[in-house]
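Here's a solo chain for you in structure tokens, the form predicted on its own.
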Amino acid sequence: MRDEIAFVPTMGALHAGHLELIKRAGELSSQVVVSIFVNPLQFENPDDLAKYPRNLEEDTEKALAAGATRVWAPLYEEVYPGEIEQISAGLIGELFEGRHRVGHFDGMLTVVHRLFEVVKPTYAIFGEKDFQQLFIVKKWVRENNLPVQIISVPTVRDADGLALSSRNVRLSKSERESALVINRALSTGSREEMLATLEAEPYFKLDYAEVIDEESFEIATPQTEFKRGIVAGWINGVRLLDNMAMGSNR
């Protein structure tokens, strides 16, 4: 019987949020594999792909220090050795993030499928910050009866409440101050208050703000047991997204 593998798929540019995923993986298994692969299928904008930060040596050092036993940085040809058969993320993949980033979740599922084929993990660890991604991966694994357990890790935030993201380094000091409006909005507790808070920040350009049912990803109703606020938008060309649980009716 092979050793259990805890797998953390990443696109590099590792920050403290990624390191928490790696530490959680280490709690699950002594074999922790971290992949670093900037997947072009997830980028609908070529400029965003070109600007994505890459520093393999630094990322490798961080991953190993956090507990990775192997860092795998495959070439494009290793991940996609032949014709690419894209996996559909379905209707949920067309909502919210999917509406603003057409094809993003299809590309994400396609690369996750390939990485799982190669690594054959027992556990795969994802962060809650990309909540729609987490939801879609869990649904896909469940519907296809895949032999991997998806483990989620809560969003890691800086002391001021801003969710950690590889894109945060592109924010100036004043832009970062403006970005804190997202956390304030999610802390309000209702969609109306979220929108009012976001609209009061002149430098924030809204993509969407909604309260969803965590278990179905449908719009929450007063009867929804587990609600979660989700927000995405722009500050001076930098796209930011975040989410937060909004209590339950249990």
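It should be emphasised that the depicted structure is a prediction, and the values quoted were computed from it without experimental measurement. For every residue, the number given is its place in the sequence shown, counted from 1.
Quick note: we don't show the form predicted in complex with a small molecule, though the next part is all about it.
K.L.:
Using a 4.5 Å cut on heavy atoms, which of P9, G233, G229, G17 is close to the small molecule in the predicted bound form?
P.N.:
After the contact test, the surviving option is P9.
K.L.:
Just to be sure I understand the contacts: of L95, V112, A89, V71, which is the one whose heavy atoms reach within 4.5 angstroms of the small molecule in the predicted bound form?
P.N.:
Exactly one residue meets the criterion: V112.
K.L.:
So which stretch, 212-220, 197-205, 180-188, 35-43, is the one near the small molecule in the predicted bound form (non-hydrogen atoms, 4.5 Å)?
P.N.:
It is the stretch 35-43.
K.L.:
Does at least one non-hydrogen atom of F135 fall within 4.5 angstroms of the small molecule in the predicted bound form?
P.N.:
No, F135 stays farther than 4.5 Å from the small molecule in the predicted bound form.
K.L.:
Do D130 and the small molecule come within 4.5 Å of each other in the predicted bound form, heavy atoms counted?
P.N.:
Flag for D130 set to yes.
K.L.:
How about W140 - does it come within 4.5 Å of the small molecule in the predicted bound form, if we only consider non-hydrogen atoms?
P.N.:
Residue-level check for W140: no, no contact with the small molecule.
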